[in-house]
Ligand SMILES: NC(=O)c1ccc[n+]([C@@H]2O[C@H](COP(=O)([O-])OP(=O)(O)OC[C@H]3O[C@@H](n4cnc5c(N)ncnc54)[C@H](O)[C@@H]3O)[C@@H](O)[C@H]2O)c1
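Presented below, as structure tokens, is a lone chain in the form predicted on its own.
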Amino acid sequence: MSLFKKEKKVRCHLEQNSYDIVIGSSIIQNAGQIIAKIARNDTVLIMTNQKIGAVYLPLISGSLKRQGIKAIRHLVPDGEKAKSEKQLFRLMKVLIENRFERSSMIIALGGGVIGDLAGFAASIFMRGIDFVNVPTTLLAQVDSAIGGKTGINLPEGKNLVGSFYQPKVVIADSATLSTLPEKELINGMAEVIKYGMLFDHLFFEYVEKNIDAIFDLDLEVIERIVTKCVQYKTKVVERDEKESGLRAVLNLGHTFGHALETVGQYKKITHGMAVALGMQAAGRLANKLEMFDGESLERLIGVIDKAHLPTSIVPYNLDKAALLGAMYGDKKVKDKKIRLILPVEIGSVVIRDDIKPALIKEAFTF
């Protein structure tokens, strides 16, 4: 039996606000047909950045126009600096100036940063308007575009202000990855590897064997990987939409990683790099606690290295005390205890909140 099902649409079944994730190649030019079925207004706002907009705004705007829908365009800066209070209220002003209503819609066209900002704005404007996610990076397609986590950053930490707000549909076009810099594929690979570590040693092995095909932009392999990651994530979100328990496992590598991003002021380390380093920190800590064997740790480090992701924190010269302090500021801290997702084998993890701070701090030494 094949590891993968041949499907291009995954349904996220929720008690309220269920939606489809549509996956395929060169589907963005037909996005208007998908969006028209759910749009409640003949005007939408498309939020993107200049680089992505130059390539894809004409396609998606033209597709919407053919369905009788007018698109207002709104550009934000590249990178994490777009997830700021300043950019949030700038977007709000545009919505007000264009007389957007409760029946209006925001379309996020881009990576995870754009999806997070657009989704959060949609969740709070007039107490909630419709939101569509069109992820154009591997990281967003396999992870951040699904599940309804939205938000902005503060200087004190990543995603400290946000909401759970589900999109009406997600349109993941694998062909968009061919127009992006290789660094975006590298960033996305961290989340792909994460899903293998969390749920399935066979998927982990498939990723190990097919990394070269991914970087060669083999769309068949990429679509299989995107579909499988989406299936994993939707199953978790369906069982725990607002992270009251099980969904916390999706943060493998993220508690360490968010600290790296925060202390690095979102400049030194990208999100994918941070997650890769965070998974290694978690794996090394689990190994030190005799929970995770050395051979599995070496496989994890090996696949991260093969994906061109960093395998050492040393070059970034970040203070370990500051990193530990940032972890205590993480939104997942409960009763002043840092909750960590630690691997016990490839394909299985546990949640621990009883690790001594000195050991957590030491996990940043590699």
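Superpose the two forms; the largest set of C-alphas matching within 1.5 Å is the rigid core. The first residue of the shown sequence is 1; numbering continues from there. Worth saying up front: this structure is predicted, and the values here are computed from it rather than measured.
The next section is about a form of this same protein that is not shown, the form predicted together with this ligand.
- A residue is said to contact a partner when one of its heavy atoms sits within 4.5 Å of a partner heavy atom; Lys51 meets this definition for this ligand in the model of the complex.
- The closest non-hydrogen atom of Lys149 lies within 4.5 Å of this ligand in the model of the complex.
- In the model of the complex, Gly283 stays away from this ligand, with no heavy atom inside 4.5 Å.
- Contact annotation: Glu80 falls within 4.5 Å of this ligand in the model of the complex, judged by heavy atom distances.
- Residue Ser144 is the only one of Ser296, Ser144, Gln166, Thr234 with a heavy atom lying within 4.5 Å of this ligand in the model of the complex.
- Partner contact region in the model of the complex: 180-188, out of 180-188, 207-215, 223-231, 94-102, criterion any non-hydrogen atom within 4.5 Å of this ligand.
- Taken together, the three residues Tyr56, Val113 and Leu139 all come within 4.5 Å of this ligand in the model of the complex, as judged by their closest heavy atom.
- If you fit the rigid core between this form and the one not shown, you'll see the Cα of Arg224 move by less than 2 angstroms.
- Core-superposed comparison between this form and the one not shown: the C-alpha position of His254 differs by no less than 2 Å.
- Val275 shows a C-alpha shift of 2 Å or greater between this form and the one not shown [criterion: core-superposed Cα displacement of 2 Å].
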